[in-house]
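Starting off, we have a lone chain in the form predicted on its own, written out as structure tokens.
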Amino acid sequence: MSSQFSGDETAPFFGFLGAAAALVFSCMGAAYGTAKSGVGVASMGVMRPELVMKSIVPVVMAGVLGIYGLIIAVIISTGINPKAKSYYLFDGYAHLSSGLACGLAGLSAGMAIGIVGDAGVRANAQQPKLFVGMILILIFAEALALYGLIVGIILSSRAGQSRAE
């Protein structure tokens, strides 16, 4: 029995790599955003302890980024089952690009949320009128990760469309 190597045997590797990239990079962004914002909240809490609960918003927004990566990782990993259905290189690359899109968008959003959250909660302690502006900037930073999630879902849905079966 002679079987030729078509390259599709390595396709699941790329799919699983995409799932790992989505989760790892999104969680890195979530961790950075949480840590950086948390430092700002702790520093601000020394001066104005009554504002601590109001200033926890950036920490929560950063934590959501990890959930985006988890969603894509689950979508990708459920789509990889070479025994049930053929899994080609196209599918692996679609899943890899899906994971990278979501993960790297989550990483960049986490960095933005961390920096804005740190500076924003400190500034809010000195000038309460800055709170709405800080929240708007945080929403726009969170939207970056949401764009990555949407593109990741679209790219992941392309897997399985490479060949008619």
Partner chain sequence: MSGASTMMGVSSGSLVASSGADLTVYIFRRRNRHRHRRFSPGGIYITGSSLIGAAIKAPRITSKNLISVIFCEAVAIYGVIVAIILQTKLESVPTSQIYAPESLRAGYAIFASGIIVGFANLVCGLCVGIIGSSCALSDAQNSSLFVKILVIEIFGSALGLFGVIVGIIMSAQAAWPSKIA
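Numbering follows the first chain given and starts at 1. None of the values given here were measured: they were computed from a predicted structure.
The form predicted together with the partner chain is left out here; the points below concern that form.
Peer 1: For the three residues C27, V39 and I56, which mark the spot I'm curious about, does each lie within 4.5 Å of the partner chain in the predicted complex through at least one heavy atom?
Peer 2: Affirmative, all three are within 4.5 Å.
Peer 1: Is T78 close enough to touch the partner chain in the predicted complex, meaning at least one heavy atom pair within 4.5 Å?
Peer 2: T78: contacts the partner chain in the predicted complex.
Peer 1: Given that the partner chain is not shown alongside this chain, does L23 nevertheless sit within 4.5 Å of it in the predicted complex, heavy atom to heavy atom?
Peer 2: Heavy-atom contact with the partner chain at 4.5 Å: present for L23.
Peer 1: Does the 4.5 Å heavy atom contact test between G63 and the partner chain in the predicted complex come out positive?
Peer 2: The answer is yes: G63 has a heavy atom within 4.5 Å of the partner chain.
Peer 1: Would you please decide whether A94 lies within 4.5 angstroms of the partner chain in the predicted complex, comparing each non-hydrogen atom pair?
Peer 2: No, A94 is distant from the partner.
Peer 1: Do any residues of 29-48 have a non-hydrogen atom within 4.5 angstroms of the partner chain in the predicted complex? If so, which ones, in sequence order?
Peer 2: Sequence-ordered list: A30, A31, Y32, T34, A35, K36, G38, V39, V41, A42, S43, G45, V46.
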